[in-house]
Structure formats: structure tokens, C-alpha cells
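We've got the same protein chain twice here, in two forms, each standing alone as C-alpha cells: structure 1 and structure 2.
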Structure 1
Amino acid sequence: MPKTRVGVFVCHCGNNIGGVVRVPEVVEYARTLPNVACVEDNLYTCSEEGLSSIREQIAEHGLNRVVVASCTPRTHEPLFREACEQAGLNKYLFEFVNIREHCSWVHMHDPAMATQKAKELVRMGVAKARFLEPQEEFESSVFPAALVIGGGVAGMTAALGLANQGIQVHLVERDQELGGLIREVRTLFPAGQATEEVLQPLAEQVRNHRQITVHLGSEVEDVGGFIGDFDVAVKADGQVNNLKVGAVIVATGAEELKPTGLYRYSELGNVVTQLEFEERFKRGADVPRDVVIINCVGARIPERTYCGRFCCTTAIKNAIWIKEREPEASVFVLHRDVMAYGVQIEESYRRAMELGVRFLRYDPENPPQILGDGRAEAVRVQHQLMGKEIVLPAELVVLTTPLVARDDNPRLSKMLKVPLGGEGFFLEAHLKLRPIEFSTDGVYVCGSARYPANIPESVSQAYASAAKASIPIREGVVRAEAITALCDERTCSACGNCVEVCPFGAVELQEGRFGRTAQVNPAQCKGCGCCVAACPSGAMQQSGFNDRQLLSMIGALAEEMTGGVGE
């Protein structure tokens, strides 16, 4: 077995690390560590110059382990692993040491502490690297079809994005008609275009596309399997249709909040929500002369702390619509503040004021009160600028409510093994780095299923999710990162703890060479380590983080504890 030769590369990261940590000291210290054959510092190790240096040093010094001490592994670890592979070294013989977030940033006011801690972290990284083992990534084939759950604008756009690449798509919609919530909207902002003019051509494309099978009046009953090999049961009219797909896109949308118990909604016939307002005038109702719109109904309150994002836009759009058709109408918008983000919305806000729409701020601690017996006749509100209470006549009161998560989100979440956020919407893997993906590979999200989104945002997210979902399908194979758990069947007692705690359903008890033991599906395992922590016998281990590797880090830290990090 060849002697272990470790290369250590310490990054200045500009001033992010080098402005606090005394990097030259860390470099000199690393030279004294066991099995270290090469040490180098770079201004930016992630630059092409830095990556080239890693490749060159591997060849020149015969390195068979590499440690990079730099910033976040989330964005930079793939770069360094690829550099190792290009130099002929298995990428799992690489160890990342984070001396930015874990060191220079948290000790920015104490360079001595930061420098000593960086030395400790590097020593632990080198200790672990000595016991790293080459790994092979698991490969599995991908079934060339996709499932899109939800037939609204986002779902239809995602389905077309996949189908236009020649991928077979199953689009499941629980209603008997495509379109989703947008069917109830009269016109679209900002062009004022009739909804049907946009929705019908889109739905027609979906229905007529030879690569898309539309399942109307259907619901997903069950989902099993993993990326590339999902088994889906779709129920319609009491019958179950079994499908096999390689990827799943969640585009179930959201629902308008029905503010029962607020502002006498459902008690008075002329107190309606924004969608109900639009439905009335789609049917040709007369335009009222006195309209009061109340914003933030059911939003930004303890029970529902988030902002609906485009609720204000909807209120502005409908206020303008009333004034354009009935210039003499009195239209008041009562708000906590107006979220007119973006040039077009700001321009519409100004146009509404030019048309005579009046915007009045109210105090959420003293909300407007609807007056009337049997029907709303007026709205009493405390005018914050005038400092007095005023009464506004109201032939119609319109409540602007946010979108809320659908009731069946928890059920679908459990089936797909994907998380929900605190508000009940589906929670993406990472807000910035993976905004339309879940931590469960092969499952993607777009539109208001993720969070309240307007049509342009929903369409953009749908294209993104379709692009992501198409990658494994078009490649025909997926590779699971080799940090998965594995079971030593000789010591496994089949207690089932690992099965219970696995959030991805990757562990099962099966019959094997040594009887009934835990078996890990590497395509489903994400290397979270829950099963390892729950195993009472130590049979479950995780590649790249086994007991020997982790204990070596602890031992390296304990070696010089008498010196202390702070000394």
C-alpha cells in the first residue's frame, strides 16, 4: 500500500480569510503535520491559477490526498474535486476545511484566535484525509418520462418545456379543466389582457401535444421509488392508473384565502374577495359607484405572518378597472403600506392616483370597521394622516387576501418525501443555490406551490424546473454521490431504528447473507447520517464520514488541547 502523501492548500480568499487569519503561519504549521508532502497558499484557490496549481502539485509530489482550507464547500467543493479528478486522483480523496465561515468570519476581531483555530482545523482535516478511501459513485438508469402535478399556468408551461424536448409527460390535474386559479381572474396585469386570450391557447397546446398525456379529474394517490425510477399511482373516477416516470414536478399552485370571521365576510353579501370581485364582473355585473378596498386581510398577522407579494398589485389593477369604466365612482384603497415593487407596478400605482383612486393608510391595531345591517353600507376607518376617524360610503367592500397553501400539501409532501415551510408551502432545497429543487433528488417545484408567485414568476420557475428535470432524463443515467450510508451485515441486529429515522426512505430491512439486516438504496440515500446516529450496534456507517475518520479528527484535536485554541 503506497505511503500517504497529503497536499495542503490554504486560501487567502482575498481579505475574507487573509485579512484576519495569518495565512503564512498556518502554511508553516501545516508543513509539520504527519504525512504532509506539500503545502501551498493561494490568493484565490478557486481561480484557474489555483486549480491548476492543485493539479500540478498532485503530479509533481505524487499526492494521494488533498486538503483545501478555504471558504464554503457548498459552492467550491465541486471545483476542487474536479481538479483532483483531472489530475488522476479519485475525488473522494479530497477533504475540505472551512476556515472562512468557521474561522475568520466568526473571529474577525481576534486574529490570534482565528489563526490558532485555523491551525486546529487544518490539523483535523489532515488527520481525517489520511484515512479517506476512494469511492465509486452509484449509477442507475432513468425512465424517459416525467410527471407534472398541477395543470395551472406553471404546470402547463413546465409540461410544454419538457414535451418540446421530446420527453413524454403525464400532466395530472384534479379539476376537470386546465388553468388552475387563473381561470377565475378577469384580466391580467399589466396589459389588461383578458385571461382567456392567454389561457386558452396555452391549454390548447398542452391538450394537442403528442408528448403530453393529460389526466383531468385525477389525483396522485401514491408515489414510490427514487430519481429515475418513480412509481406513481393516479386515481380518477375510482380507478387507479399506475405510471412510471423519471422525474416529478410539483406545480399544484395555491388558493385564495377565504377570510371567514374577518370584516364580516360571508355575513354580508356585498363583502367579497378580489377573486370574487373579478368573477362578478366577468358575468357582467354593474360597476358600483362607491367601492372600498381593504388590503392585507388575513396577511401579516400572527396566524399568517407573510406578505402576499402581489396582493397590492391586484388591488391597484381592479381599482383602475373601476375608474376607467366609471370615472365618477368613488374608490378608496385602505392599506397598511403599498408594496408597488417594480417599474410597471409603480407606474400603475401612480396612474391609479391620477384617475382619482384614494389610498388611505390604516393602523392594524385599529383596523377598519364595516357598518351596515344585512348589507355593508359604509366603512369606518381611522385616517392616520388626518388623525381622525372618517366614514366612507360603500356599495361594495373588496377584501384583498393572500394566497395560502393548498390543504393537500401535507399529504403530497409525505408521498414525495419533500418538506413544507412554516406557511405550508413546499420548501425548496436552498433559496439561492437550488430554488426550484428539493433535497429529494428528481423532484422539483415551481409556481405558487413554492410561494405566492405572479404569472411571469411562475412561468420563469416552470421553465427552470423543466430544464432541471430534463437533465437526468436526457442523460439517461443518474449518479449518486458516494457519501451514502452502508451497513455491516455481520453486526446488524435488524432493530429497525435506521428505517424509522431515514427521512428519504432509503433503508429497508431485507433478507441477506447474514439473515434479516438493513439494506441501503444508494440512489435514495443522501448521506444525512441519521441512520448512523440511530444505530446502537455501530453497523451503519457513512462513506467519507466513518468512525475511524471522525475519531481521527477528534484525536488530532485532543493531541494539542493542552496548548489550547486561545493560547
Structure 2
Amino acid sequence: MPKTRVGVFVCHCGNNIGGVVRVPEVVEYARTLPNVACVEDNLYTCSEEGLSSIREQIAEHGLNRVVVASCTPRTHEPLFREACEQAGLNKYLFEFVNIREHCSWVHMHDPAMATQKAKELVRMGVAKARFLEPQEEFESSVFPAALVIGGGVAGMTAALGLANQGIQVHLVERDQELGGLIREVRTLFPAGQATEEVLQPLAEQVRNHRQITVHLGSEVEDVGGFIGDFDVAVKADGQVNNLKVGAVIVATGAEELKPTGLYRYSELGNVVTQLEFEERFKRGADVPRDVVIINCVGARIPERTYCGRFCCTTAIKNAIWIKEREPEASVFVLHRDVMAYGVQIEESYRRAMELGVRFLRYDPENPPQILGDGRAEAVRVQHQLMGKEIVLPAELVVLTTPLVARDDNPRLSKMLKVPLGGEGFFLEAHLKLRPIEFSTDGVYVCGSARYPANIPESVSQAYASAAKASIPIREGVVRAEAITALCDERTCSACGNCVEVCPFGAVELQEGRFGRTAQVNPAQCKGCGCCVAACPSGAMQQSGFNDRQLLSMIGALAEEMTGGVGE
């Protein structure tokens, strides 16, 4: 092996670093460190001048490790890595030392301490750099097809989004018909148009699309593999059909809460949920004259803390529907707060009130009571403004309940190795920045599977997930940063700790040359290193963050204390 030759480049960053840290002192210090072959300071290492200097020094001094002490790897690492690569040095032989954000900028009034700290950070960086190893990025091909689970509005839209780009799509729907939950809905907010008018053309497009295979009456039985190469078993009528896809979109939706035990639901025939109400009148029942709608049933309570988001909208929509058909009807909406956000909903709220729908606020501590024997006849509620109880006649009581996560979400979550949140909905990778992705690559989510979403939200999420899923498929390959875990099979004793901790299912115990040992699939590994920390023997390691590298940094930091070089 050639001798380790480290080049250290200390950046002044104009005055940003040099104004506090005594850069020349750091440079002189760096020259004394083991294996350092060349040190220089640059006004701006990231400038073309700085970068070409890195390239030149690599050539001139035969550098095989490069350390830049400047700003943060989170913004500048790719740039310096590229410079190394241009000079023929594997980019993983580069190490970053942060002496700006973590030093000069935060110790502006203490140049002596800042300089001391910068020296030690450089010492730690050089210590790690000495043990860096060249890495190959793992590249794997992506099978040009996608699986969409769920044939509701979200799933159908996502399928079309992919198929219209020429990508083969398998759409798996559990029911015998496409459409999902909103098939049960009579009319859609806000225009009151019939659901069929929206649903039919969409389903038609999906059914007739050359690139889409619709699997009705089918369920996903098993999913193996990883981004680019998922093996999916789809079961229909006891028959298992095996599919290969490169990406998966979860669009399984949610279901309406059936509030058994609340407001005598399921005991009294004329106490129904909003969906049941819609279904009833879809079938042409007479419009009732006295209706009491109770909102927030089973929502925003200790057992289910979330807001259903569009239940208020549904209540307003249905209240208007009744009033428009039966202006003489008495319609009360008992609510905790009316969440009529945005433009259209607020307008409808106003219109409902103009039509004579009465909105009364109830106290969750003292909720409305259903009166009647054998059927609901009236609802008693404490009128908060009048400060007394009133009794509202009720021919029909409609309970507004939130959507809840589907029962089989845990099963799907295990299969796909993606997490669920506390309420049982699928949990996205990042609430704000990655709202329709999972941290497991190649798996995406849209619609109410994530949390209750209305149609426009489902559609835009479906577009987004289709766009995201199409990236790896169209690229044809996925490349992972070479910071993945690697098991030394000779010393692995297969205790299985790594398998347990891996959030991505990337580690498995397998029979190999050295018996049963842990093996990492680099295509699935995301490089968190949790398995390394859990491995008692040190057989599991992470490229770029292995024990030797990190321990050498600790040793370098503790140098004066132990009187010796760590490692």
C-alpha cells in the first residue's frame, strides 16, 4: 500500500474564518500532524483558484487523502469531492473539517480559543482522513414498472400520472370496483355535483389505459426487495400473481369511523354516520324534516386526538343538501368548533346559515344526548349562549366522524418496511420537506392513507407521488452514497442485533461462506450506522464512519490527555 499522504487546505473564507481563527497558526500546526504531506491556506478554498490548487497539490505531492478545513459538509462537500475526483482521487478519500459555522462564527470574541479549537478539529480530521478508504458507489438498476396499492381517487390519479409517462403500472384494488371510499359519497363539495361525474371518467381512463393493469378483487400479499427491484405477490381469488416493480405507491386510503357506543349509534336505526346518510339518500329515501348533525364524534378526544380535517365540510355540505331539497326542514349542526378553512368552505358555511341551518356549539364535557325509545326522537343539548338545556326534535341524527386508519395498515407497513404514526396512518419521511415519501427509498404515499385528505389534496399528493416515483424509474439506476454498512462475515456471530435495529430491513442473517452471518443489502442500506452501534463484536462497520475512523478522532482529541496518539 502506498504511504498515506494527507493534504490539508485551510480556508480563510475571506474574513469569515481568518478574521477570528489565526489561520497561519493552524497551517503551521497541521504540518506537524502525522502523514501530512502538504498544507496550504486559501482565501477561498471553494473558489476556482482554491479548487484548482487542490487538484494541483494532489498531483504535485502525490496526495492520497485530502482534508479541507472550511465551512460545512452539508453544503460544500460535493464540491470538494468533485475536485478530488477530477484529480483522479476517489472522492471518498476526502474529509471535511468545519472551522467556520462551528468555530469562527460562534467564537468571534475569543480568537485564542477559536484557534486552539480549529487546530484540534484539524487534528481530528486528519486522524480520520488517514483511515479513509476509497469507495465504490453501489449502483442498481430499476425495473421499469410501478405498483399502486389502492384504486381510489388517489391511487387512480397516481397510476395515471405514471402511466402517462409511459411507465407500466399495476393498480391493485381490494374491491371489485375502482373508486374507493367516495363511491359511497352522493355529491361532492362544493358544487354538489354527483360523485359519478368525477369518478366515472377517471375510472374509465384508468381501465382503458394501455400502460395500466388493474387488479380488482386483489390484495397485496407480500412485498420483498427494495427500490428498483420489488417483488410483489398479489392475491386474487386464492391465486397468487407475482409482479416485479421498481417503485411502490401506497394509496390505500382510510375508512369512516363507525362510532359504536357513542350517541347510541348502532342501537337506534335513525342514528347514522355521514356516509350512511349519503348512501341512504343516494338510494332515494325521503328527505327528513328534522335533522340533528353532531360533529366531532370520536375525534379530538383523548383516544383519538386528531381533527378529521374535512368532517365539518361534510356536515355543511349535507346540511345544505337537506335545506335545498326541503327548505322547511329544521337542520341543526352541533359542533365544537367549525373548521371552515379557506375560501370555499367558509362561503358554504355562510350559505348554510343563510339557508337556515343552525349551528350550535356544544361542550365536550357535557355532550348532546339522544332521547327516544327504539328510535331517536330528539336531542338534548346545553345551549352555551343561552346557558340552558334545549331539546331539538330529530327525525334523523347524523354523526360526523373522522376517517380512521385501516386495520391492515400495520400489515402493509411491515411488508413495505415503512412506519406508521401514532394514529395508525402511514408516516411520511418528513412532515414538511418530504411529505409524500417514506424514508424507505422507492415507496411513496398519497391520499388518506397518510391522513384524512379531501379530493383535491388526494389528487395533488397523487401527482406528487407519481412524479417522485417516476424519477428512479426514468433514470433506470439508483446510486447510493457509499456510506453503507458492511459486515465482516468472518467475525460476525449472527446475534441478530443489526437485523433488529435496521430501520430499512437491509440486514438479514444468511448462510454464506462463513456460516450463518449478517449480510447487508447495500441497495437497501441508507447508511445510518445503527447496526454498527448495536454490534458488540465490531463485525459490522459503516464505510466512512467506521470504528477505526471515529475512534481515531476520539484518540486525536484526547491526545494530550493520554500522551499518545489514539490508534
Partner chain sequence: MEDKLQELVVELLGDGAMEYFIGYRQGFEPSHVVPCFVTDKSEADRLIWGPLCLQNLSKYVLQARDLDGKVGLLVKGCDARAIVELVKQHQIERDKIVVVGVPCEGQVDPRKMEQVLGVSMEQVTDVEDAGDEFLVKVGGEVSKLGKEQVLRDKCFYCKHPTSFDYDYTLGEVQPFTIDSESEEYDAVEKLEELPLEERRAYWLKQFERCIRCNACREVCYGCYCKECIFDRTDPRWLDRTPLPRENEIYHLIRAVHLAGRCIDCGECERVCPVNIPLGRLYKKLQKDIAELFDYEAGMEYDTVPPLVDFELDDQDPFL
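Here the rigid core means the biggest group of C-alpha atoms that line up within 1.5 Å when the two forms are laid on top of each other. If you're wondering where the values come from, they're calculated on a predicted model, not measured in any experiment. Please note that residue numbering is based on structure 1, beginning with 1 at the start of its sequence.
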Identity of the form predicted alone among structures 1 and 2: 1
Rigid-body rotation of the smaller part between structures 1 and 2, in degrees: 26
To one decimal place, what C-alpha displacement in Å is found for residue 517 between structures 1 and 2 with the rigid core superposed? 3.5
When only the core is superposed, residue 22 shows a C-alpha shift between structures 1 and 2 in angstrom of 14.1
